[in-house]
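Take a look at this one chain, the form predicted alone, written out in structure tokens.
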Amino acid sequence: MADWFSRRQFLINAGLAGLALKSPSLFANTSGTPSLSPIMRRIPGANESIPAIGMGTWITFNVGGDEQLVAQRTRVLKTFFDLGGTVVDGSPMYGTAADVIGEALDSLDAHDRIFAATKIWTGDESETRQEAARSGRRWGLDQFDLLQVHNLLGWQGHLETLKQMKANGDVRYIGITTSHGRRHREFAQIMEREPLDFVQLTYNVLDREVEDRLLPLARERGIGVIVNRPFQGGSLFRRFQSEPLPGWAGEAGVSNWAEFFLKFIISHPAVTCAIPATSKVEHMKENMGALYGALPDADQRQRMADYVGSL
């Protein structure tokens, strides 16, 4: 595992160094000093860290076989890798997204640069291994870093198999997911009794229910947290992008709304990684800007929430 991780980190550092020469402002902290240090989060219970900003693929990578769109999404993925990203999240539910990821990884020769996370999404609890194998073929990977039970569908049977797969070395980490604020009570019960490495849940500056129970429970149990829907499916931009950032935004390490939304999330001490999705290179650059510079402290996080609530 050490060689695998060292090669991945070498490729990331090489890409960051090249981009810093071309665009030093992208890597500047709030004092204007260039910084090549991405914000990393340690996976609880593991001797491994991942970047705090990852990439989701729901809707954005579901572009069928359109060659132009596949090429464009490949540029989005290249930008993500070049700016220090590794965690890419998918699901068999996402249409052709897995095939597009596979084509992009092949084009970029980037199989060593990805922390690959996908989901088991079938009501047949005996199909766990087969579902993972199908996804692996679509992504062009022999093994996933993380397999998650999607929205708790058939979670009892799938999780038992995933635990066996992890013990056998067929997957590195396992977890469960929920979205849109659904089934939090059952989710907490599973977190309390199952040996999970990760949970994935919805959290953003407006959807904050998980602060009450699920995020504290993740810290208590030593479970990594991946955050989906950090932009509420884009609705946060539609609602707030025409509004000015607060005058104190720079003090919190924020220079645009994407950084505002993402840094609010990843500054929570229980959060390991947020996975915004985008289909545009320029938006990817904005998202990845949240991986660098200062993070808001607890007081600044409250000011961020209060400011958005006042608009």
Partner chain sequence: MSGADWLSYSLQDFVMFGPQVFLRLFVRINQDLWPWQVLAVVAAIGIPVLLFRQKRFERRLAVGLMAVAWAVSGYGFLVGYFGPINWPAVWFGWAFVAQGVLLAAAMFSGGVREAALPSGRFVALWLIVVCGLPWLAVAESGQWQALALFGIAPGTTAAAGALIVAVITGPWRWLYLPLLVLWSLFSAAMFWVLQAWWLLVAPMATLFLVGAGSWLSPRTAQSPD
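Just so you know, these numbers come straight off a predicted model, no measurement behind them. Residue numbers count along the first chain shown, from 1.
Absent from the display: the form predicted in complex with its partner chain. The rest refers to it.
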In the predicted complex, does each residue in the set 113, 174 and 191 place a non-hydrogen atom within 4.5 angstroms of its partner chain?
no
Based on heavy atom distances of 4.5 Å or less, which listed stretch (175-183, 220-228, 128-136, 158-166) is in contact with its partner chain in the predicted complex?
175-183
Selected contact from 40, 69, 36, 46, since only one has a non-hydrogen atom within 4.5 angstroms of its partner chain in the predicted complex
69
The one option of 278, 267, 62, 255 with any heavy atom within 4.5 Å of its partner chain in the predicted complex is 62
Contact of residue 119 with its partner chain in the predicted complex (heavy atom, 4.5 Å):
no
May I ask you to check whether residue 102 falls inside a 4.5 Å heavy atom distance of its partner chain in the predicted complex?
no
Give a yes or no for residue 108: in the predicted complex, does one of its heavy atoms lie within 4.5 Å of a heavy atom belonging to its partner chain?
no
Give a yes/no on whether residue 236 approaches its partner chain to within 4.5 Å in the predicted complex, heavy atoms considered.
no
Heavy atom within 4.5 Å of its partner chain in the predicted complex: which residues of 139-167 meet that condition, in order?
151, 153
